[in-house]
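Just the one chain here, laid out as structure tokens, in the form predicted on its own.
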């Protein structure tokens, strides 16, 4: 009986491993979404966080809020209270208010087809590589209402708000096997050409989008660094306590055999 149970466990485990491997290979073989680009987030880089905050204010804050972040928490990325009041606040908000937008959700849904999401936890939900890749993959698509599309979020309602910085990208198309039916060939994006130049070159635009990604990573948990620091202190205390307990135990039992 025991041998049969062991065999059953081995069989179930083998089936699960085979299923995972199949799904991984199936996704790799059939996905038309390019691999994610690597974002270089660094919460110690206050200059990057401040540039990201400024870019978020200029290009994102009209539609996307950070409802889990208060304005005065921006002091943690090196902004002074005067900077926050002068450059980040609107005329109807106070430093202690949440970073919410004034756009009505019903109006936003009417204009864009869906209300723009709050971005407080976007980095936690999607990951920084996804945000960075998404911001770097907009291209012209005249079939879309906004005139823009994105390979990482096909048919997204969001327009390319950073197009003046990047320029206009147009896709390079090639016929590739249909992911759902390899007997058919379908037009597939294999790259981009720059139709019109932007204010920044490629490296400058990637720096801009990386700064925004870095800021959103910070916004997803503004106390991340202090929490990590507190965690190290707690671990150091526990190690010291374990060392003292070990010494005490040896001293207590040294005469007992």
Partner chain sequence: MSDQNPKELNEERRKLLIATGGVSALGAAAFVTPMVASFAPSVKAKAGGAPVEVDIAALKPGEQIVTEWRGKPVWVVRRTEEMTAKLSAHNNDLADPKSEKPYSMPLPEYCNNEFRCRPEHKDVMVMVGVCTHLGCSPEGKFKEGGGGSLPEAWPGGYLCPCHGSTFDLAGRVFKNKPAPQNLDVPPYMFVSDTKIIIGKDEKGEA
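Positions refer to the first chain, counted from 1. This is a predicted model, so every value here is computed, not measured.
The same protein has a further form, the form predicted together with the partner chain, not shown here; the description that follows concerns it.
The candidate spot formed by 73, 241 and 244 lies fully in contact with the partner chain in the model of the complex, as each residue has a heavy atom within 4.5 Å of it. Put simply, residue 96 is close to the partner chain in the model of the complex: some heavy atom of it is within 4.5 Å.
Along 114-130, no residue reaches a heavy atom to within 4.5 Å of the partner chain in the model of the complex.
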